[in-house]
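Shown next as structure tokens: one chain only, the form predicted on its own.
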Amino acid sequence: MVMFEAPDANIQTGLMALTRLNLTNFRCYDFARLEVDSRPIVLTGPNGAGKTNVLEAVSFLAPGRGLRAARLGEVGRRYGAQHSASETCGPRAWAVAAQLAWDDATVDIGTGLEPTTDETRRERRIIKIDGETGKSQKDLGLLTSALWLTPQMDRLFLEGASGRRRFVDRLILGLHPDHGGPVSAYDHSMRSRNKLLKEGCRDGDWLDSVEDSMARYGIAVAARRLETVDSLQELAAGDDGPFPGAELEMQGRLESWLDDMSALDAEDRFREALSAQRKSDRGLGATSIGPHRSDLLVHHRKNGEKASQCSTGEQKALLIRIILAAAQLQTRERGRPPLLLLDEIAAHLDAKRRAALFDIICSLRIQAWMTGTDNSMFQALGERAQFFDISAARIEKISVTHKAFYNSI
């Protein structure tokens, strides 16, 4: 089996790339502007210079809380003591705006924290598309999507199942921009049920209503996770190449029911299970069954080892394999690739795997945004990429034909 192939010429796929990016009051940037083309983008510079902040800004152009999962009020630029108290207290409005080249057209998109002088007002994210205010983050998701890998994700296979569930849900957002709705609705209903049980509620009709909502949304979430992981499995299972094949499985009670019965029957069974476990869940102080208990299981296909038992290098390679498979799946399902954000991606890959990764990115026609401290790590890209140096929140383009650039690698 061939691991990664360029898109089939008979399948109508388009490019998706940012051609302009503006940051205003975002993290360490007062204002920054990048003009780029559809090639991969390499951002290099010392630690703390602001490289990851650029990737985070791009991640906010897709649905979700960005690659750091930050609260909106944490993102705005903070000022020092020399500024007035009004500038240093409370969240500060910020904005990320971009021009998106999509197939043969362009669209202006943007997002940010709505400016307000009312400190008691709830933070509100605004969406702009061609100057018009969007209704929700789903409007962004209909236009663009993003996948990312950060150093913090290197422990994905070692830590708790909640991180792996969020990882799968982020992959689903790239295919179904409305996926956040059922996830949020299920979580809200579950919290309501837990509160009612804790307070000793004996109103069966009230609990029935909450559990009916949990059953509907919970099965919808579990079904989408199963569908997505099964599709990823097809693309991630090959053994050829520098990134090992991965065996993926979404495991949980709801998932096992969906394997054996229809979604409607699984809803009924989940509803009955919730009703039957009220007493035990009241004692536990939590809901003991549902998609919030599911887990993504990953094995190294060739040697059969659980990902958690593999070496650090193999875990990284498996994670890259899954992300690249997700990029292929989005390209296949939506007709265009996602934006790919790779923070410090080259630091723990040997030269062979780095070169292979760059070749795959270019063959899949993905606009990847990559960061690193050393230009030499990206030497294999050459003129296939565009390079920027970042130092103290200042961004400067580097010409790959410039003598100083080649001396640095």
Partner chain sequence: MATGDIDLLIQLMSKLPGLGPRSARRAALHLIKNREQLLKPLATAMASASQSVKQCSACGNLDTVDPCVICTDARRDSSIICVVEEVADLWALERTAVFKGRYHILGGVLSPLDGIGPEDLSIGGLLNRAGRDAISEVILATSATVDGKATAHYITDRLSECNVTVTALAHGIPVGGELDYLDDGTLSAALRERRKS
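Note that the structure is a prediction, hence the values are computed from the model and not measured. Residue numbers count along the first chain shown, from 1.
Beyond what is shown, the protein has a form predicted in complex with the partner chain; the following relates to that form.
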| item | value |
| --- | --- |
| Heavy atom within 4.5 Å of the partner chain in the predicted complex - residue from 302, 191, 124, 306 | 191 |
| Residue (of 269, 128, 224, 292) lying close to the partner chain in the predicted complex, criterion heavy atoms within 4.5 Å | 224 |
| Site check 234, 262 and 265: each within 4.5 Å of the partner chain in the predicted complex by heavy atom | no |
| Partner contact for residue 185 in the predicted complex: the partner chain, 4.5 angstroms, heavy atom | yes |
| Touches the partner chain in the predicted complex: residue 196 (any heavy atom, 4.5 Å) | yes |
| Contact label in the predicted complex: residue 275 to the partner chain, heavy atom within 4.5 Å | no |
| Proximity of residue 209 to the partner chain in the predicted complex, heavy atoms at 4.5 Å | yes |
| Which of 177 to 185, 316 to 324, 70 to 78, 245 to 253 sits within 4.5 Å of the partner chain in the predicted complex, heavy atom basis | 177 to 185 |
| Interface residues of 126 to 140 toward the partner chain, as seen in the predicted complex [heavy atoms, 4.5 Å] | 138 |
